[in-house]
Ligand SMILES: Cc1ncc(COP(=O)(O)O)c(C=O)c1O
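A lone chain, given as structure tokens: the form predicted alone.
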Amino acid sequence: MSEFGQAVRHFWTLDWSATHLNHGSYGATPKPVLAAQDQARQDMERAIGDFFSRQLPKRMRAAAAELADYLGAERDDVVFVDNATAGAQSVIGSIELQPGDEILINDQTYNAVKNIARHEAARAGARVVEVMFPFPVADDGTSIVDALTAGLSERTRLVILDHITSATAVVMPIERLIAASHATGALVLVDGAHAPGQVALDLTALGADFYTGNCHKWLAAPKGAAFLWARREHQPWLHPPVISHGLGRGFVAEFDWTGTHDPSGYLAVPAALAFRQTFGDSRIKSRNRALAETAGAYLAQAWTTRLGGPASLAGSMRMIELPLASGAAPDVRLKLWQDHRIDVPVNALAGGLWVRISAQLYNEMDDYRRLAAAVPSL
């Protein structure tokens, strides 16, 4: 028996009568990490005043230190936010845009972040420029870099890049995209919602100005645990979406306290990192990437369709075209769930319907065989 797949499913509370191929959307928190979150809640409720006024500041920074070490960053350059969208709002909302400034996004930018860019640009009289990225991707990412470069101008103030796109599961050639953006003098915000736990990260070396990512997806932390990293020179003018008592007292002070809320998800991040280390962080990433690649190739062959890009631009998720006419993606997804108990996202892209599969430790090839067999019935 494999040491993964069914052998580790007891760590999760998922209903195993269903097939779960959608880890990328929301994650799934293992029981030991939920237990650490419960302990943090008990600590909070046992002595509310002492917890919030004396324990929490130290515990938040201790948790941030462990996360920063994992991300290749310094402790006080990392703050917690509820999700990557909140991190993006913090950055985009803090930039003092001027009339005529441009924010460069692309057609695969996460829709919530697109809306933030449009909202903040409209308030300032600035403009959002959206470029089209190729999909499926047929090369090493050069076509993506070329598409971005074509949209840059001397008016580009901010470039927003997904490290791994939600819509297409493509691992972007992020270093090249950052370098191209900086060549025009633009700031770069990387939306790394899907990246931590899928790909290796060294935020200090990456070169972006800002990086926000989720811990609840591939790092196995509870929901409501994400982070924002910023270069030191930008931190003085960054503010959280909720302004509170820390205003003017520095990056950490502003973000670590935005009002009374349940911080147990943040405090459970070290337990999530420890859970991953029981299997080996690099080993998890390699295993999941290999399973996603094998499963993607299997499905494309079974359906006589195509993959969304080369293995060099893939992580623990894969896009595979469905052998169905382009139609209502939500209907197809709903039928897969209702008729076959398979949870997998379906997107309408490039003139067809595509599924985005995820590969987490609890998945095995039989999960993808069930998907392959279910699709012809649609």
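Numbering starts at 1 and runs along the sequence shown. Here the structure is a predicted model, which means the values were calculated and not measured.
The same protein also has a form predicted together with this ligand, omitted here; what follows describes it.
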Which residue, Phe251, Tyr110, Phe135, Trp257, has a heavy atom that falls within 4.5 Å of this ligand in the predicted bound form?
Tyr110
Exactly one of Ser181, Asn214, Ser90, Asn288 has a non-hydrogen atom within 4.5 Å of this ligand in the predicted bound form; which residue is it?
Asn214
Indicate whether this ligand has at least one heavy atom within 4.5 Å of a heavy atom of Ala268 in the predicted bound form.
no
Any chance Ser166 has a heavy atom within 4.5 Å of this ligand in the predicted bound form?
yes
Counting only non-hydrogen atoms and a 4.5 angstroms cut-off, does Ala208 reach this ligand in the predicted bound form?
no
Check whether Leu104 has any heavy atom within 4.5 Å of a heavy atom of this ligand in the predicted bound form, and answer yes or no.
no
The chain here is shown without this ligand. Which stretch in 120-128, 82-90, 149-157, 269-277 comes within 4.5 angstroms of it in the predicted bound form, by heavy atom distance?
82-90
This ligand in the predicted bound form - contacting residues of 180-203, heavy atom within 4.5 Å
Asp191, Ala193, His194
